[in-house]
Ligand SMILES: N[C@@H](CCC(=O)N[C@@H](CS)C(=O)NCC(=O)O)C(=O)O
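Take a look at this one chain, the form predicted alone, written out in structure tokens.
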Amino acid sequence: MTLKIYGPTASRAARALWICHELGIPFEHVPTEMKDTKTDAYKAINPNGKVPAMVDGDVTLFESMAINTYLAAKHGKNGFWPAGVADQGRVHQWSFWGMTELEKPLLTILMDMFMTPPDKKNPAAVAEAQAALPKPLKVLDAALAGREHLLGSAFTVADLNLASILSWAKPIRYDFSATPNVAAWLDRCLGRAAFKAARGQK
């Protein structure tokens, strides 16, 4: 039975699409739009009525990071899903850290810049979000000092999960000059063919 990933490309489903391309996992993309997530049929897959969701045979999952760590553990090869429990813990650390420290401020800026009508914009919220980013980015910059990727020299699911969040910094043209290690690492991650394939780019 073919793995199915539900959700439009311009959503957190992009993370799952990236990992499928990265690992060569056969899959069917069901580009469920937000209006379709409220149907009974979709809620049988994800009762939250949100995207993404995944169906893999008799396994159904929601939450993008849970989907990605599941797929990495099942299909990962050549260290993409680390063999050691310590590095597996670091995968979870960086994945959760990205969600708690970076996702909200980046999404606040992105939504205000591209999806909010002029009369609804909130400059104070954007300023607060901008002010929240330098501290965690300095933490990440220090962690990347002297290494190509989060767990060492190899690209792993830790990099994919965190870079999928930080990819939102590109359309808002975030200035990474204070964190050059982050800038170089992010460009390496987003330059991968699988990232571009997940978005229909060449």
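Each residue number is its position in the shown sequence, starting from 1. A quick note: this is a predicted structure, and the numbers were derived from the prediction, not measured.
FYI, the form predicted together with this ligand isn't displayed, but the following is about it.
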message = Taking any heavy atom pair closer than or equal to 4.5 Å as contact, tell me whether M34 reaches this ligand in the predicted bound form.
response = yes
message = Would you classify S11 as touching this ligand in the predicted bound form, given a 4.5 Å non-hydrogen atom cut-off?
response = yes
query = Heavy atom to heavy atom, is K38 within 4.5 Å of this ligand in the predicted bound form?
reply = yes
ask   = Heavy atom to heavy atom, is E63 within 4.5 Å of this ligand in the predicted bound form?
value = yes
query = Pick from L110, M99, A125, A73: which residue has any heavy atom within 4.5 angstroms of this ligand in the predicted bound form?
reply = M99
ask   = So which of L160, V51, L151, A169 reaches within 4.5 angstroms of this ligand in the predicted bound form, heavy atom to heavy atom?
value = V51
message = For the interface check, one of 169 to 177, 152 to 160, 136 to 144, 51 to 59 should have non-hydrogen atoms within 4.5 Å of this ligand in the predicted bound form; which one?
response = 51 to 59
